[in-house]
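Single chain ahead, written as structure tokens, the form predicted on its own.
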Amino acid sequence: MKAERFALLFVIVLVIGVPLVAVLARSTSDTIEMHAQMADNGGWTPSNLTTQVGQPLHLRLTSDDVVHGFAVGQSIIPPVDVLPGQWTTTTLVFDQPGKYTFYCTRWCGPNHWRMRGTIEVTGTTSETITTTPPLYVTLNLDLDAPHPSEVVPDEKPSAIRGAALSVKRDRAAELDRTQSPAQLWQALKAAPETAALTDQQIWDLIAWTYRSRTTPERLAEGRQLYQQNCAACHGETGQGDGVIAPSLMKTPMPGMTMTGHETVAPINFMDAKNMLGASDAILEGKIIRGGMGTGMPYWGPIFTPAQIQALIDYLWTFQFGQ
């Protein structure tokens, strides 16, 4: 009798337990465990993931050292914190095929920007996506060529003073993204309608032009992007004096010797001679591509075109004020 009961109990366990174990095993196998470490110690493990369009990608993340953050570039998926000794779960679903970049959102060291990985998404979609090449590519610009301004203002230009000028502003409003402020100044200096203006007043008119083409909301977005991703190197006030800056001054890139490919001090956005000779197209290119061999990260896979323009608009406030 006891043997029969034991046999019956054994059959029940098999009927109920085996499917349950299979479900749990399948659930675990569908979740990818990822470990985060500072870039010098390995970064993300694994760093290359694959999935399909419309298929949920379940991730279970933890940090092996300090606090990190996980986010996917050019995505509305909110970032999540990755804490030491704790597990954080998130699920990603992609509706377009392609290669996506995920990255760390927390400054965790001088090589923080190297904490990146890729997600290869395969499959098809009925929606057709068209992409436009960046302006620096279309214009074939040499982003590494010096672009000093031949003219600089005697004092910081003011959009408020520029708005108060009683001149026709049509020519100033024709701001071309391929033009630098210095080139716009030269054009206005030679224009009949601005002949009565002083050199400083022309700069004020240009400040008004750059301010009037954007919005407070876009400047706020650009400021947030700058603080989160740029200030650690370029400084809160744009003077190239961020907390990471000292470690970037003539420091060899990983695996390199001092042969001219070492990192350099971050650009000072308050330097009028350098900034006023740049155009939107040049700034956009440097943000997308990064500074080859200088330590400047490439942000093309991270920021959307709208985010890049918001960031550019904010960078101009270092020269023209808020």
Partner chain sequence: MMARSRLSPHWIVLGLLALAIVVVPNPIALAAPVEQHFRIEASAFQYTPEAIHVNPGDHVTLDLVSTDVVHGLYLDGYDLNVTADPGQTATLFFTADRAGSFRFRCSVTCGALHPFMIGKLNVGSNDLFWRAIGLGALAVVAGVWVMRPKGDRQ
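Positions refer to the first chain, counted from 1. Computed from a prediction, not measured in an experiment: that's the story for all the values here.
Just so it is clear, the following notes concern the form predicted together with its partner chain, a form of the same protein that is not shown.
When you look in the model of the complex, the only residue of Ile32, Val53, Val67, Val264 with a non-hydrogen atom within 4.5 Å of its partner chain is Val67. Checking Ile119, Cys108, Leu219, Leu143 against its partner chain in the model of the complex, a heavy atom within 4.5 Å turns up for just one residue: Cys108. Taking non-hydrogen atoms only, Ala163 never approaches its partner chain to within 4.5 angstroms in the model of the complex. In the model of the complex, Glu193 stays away from its partner chain, with no heavy atom inside 4.5 Å. Proximity of Leu92 to its partner chain in the model of the complex falls outside the 4.5 Å heavy atom cutoff.
Its partner chain is not drawn, but in the model of the complex it has a heavy atom within 4.5 Å of Pro84. For the candidate spot formed by Val152, Ala272 and Leu283, no residue has a non-hydrogen atom within 4.5 angstroms of its partner chain in the model of the complex. Residues of just one listed stretch (227 to 235, 180 to 188, 135 to 143, 193 to 201) have heavy atoms within 4.5 Å of its partner chain in the model of the complex: 227 to 235. Contacts of stretch 179 to 216 with its partner chain in the model of the complex, defined by any heavy atom lying within 4.5 Å, are made by none of its residues.
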